[in-house]
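Presented below, as structure tokens, is a lone chain in the form predicted alone.
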């Protein structure tokens, strides 16, 4: 219980420190670190998710359309409500957690254990400015971009497969998709993906800078705890956000009494 309260307090303090220091991203060394984080989280991950994202849309469409005997409207709604709104952002967040979350938490823990963070303090360099802020901001931006990349590929894969399952052309499906797509879907994805990125980066930075001990054995403990808590935070944000915006939880299984 005390450990959980300590982690919540630490997360709040880290969040406040990052928010206050946001203007310092303009400082050249911090901005360079920010760009490196964006490159690692977004650009290097992009090539690895192409096939997975396409398969996500294809599998969802193939299974659900066969089970529900879908028509054009239902097929498009599946793509928009399930793939675009929910599974796309979650898939991107999973990639960020597995690639960037593990890397950031392990890197921070190694710097803490090896004394590099202490050396930075001796040099008068603020750890939040040089280590935490660029990583949190970089992961947030890269997660948002990666989310739209995954969503685009997943929806495209679903649209490409649908004509083979139902009597509809790719043009008809795409046209109906654009008719149903609203600005709410866009803003929903942007804000949620930014929150996902923030939660993952902040959680991993905090655990990396606060290992249970200063031995090499602490690194795997830090990574495991950071990844598990990042995943829990992402699922919690997704559930709360869907309930607040659309009044649903668990992909529509629970609805608000409105």
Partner chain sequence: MSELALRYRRKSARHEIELSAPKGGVTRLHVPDEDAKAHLVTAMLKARCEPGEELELFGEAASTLAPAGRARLRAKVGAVSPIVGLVANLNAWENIALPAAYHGRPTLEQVAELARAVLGAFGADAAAFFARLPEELGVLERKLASFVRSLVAAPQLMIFDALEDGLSRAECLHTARFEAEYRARAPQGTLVYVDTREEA
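All values reported here derive from a predicted model rather than from experimental measurement. Positions refer to the first chain, counted from 1.
Another form exists, predicted in complex with the partner chain; not displayed. Remarks below refer to it.
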Choose one stretch from 75 to 83, 136 to 144, 159 to 167, 119 to 127: the one whose residues place a heavy atom within 4.5 angstroms of the partner chain in the predicted complex. 119 to 127
Check residue 48 for me: does it contact the partner chain in the predicted complex (non-hydrogen atoms, 4.5 angstroms)? no
Does at least one non-hydrogen atom of residue 43 fall within 4.5 angstroms of the partner chain in the predicted complex? no
Looking at the partner-bound form in the predicted complex, is residue 28 within 4.5 Å of the partner chain by any heavy atom? yes
Report yes if any heavy atom of residue 107 sits within 4.5 Å of a heavy atom of the partner chain in the predicted complex; otherwise report no. yes
Listed residue that, although the partner chain is not shown, lies within 4.5 Å of it in the predicted complex (heavy atoms), from 91, 111, 177, 132: 111
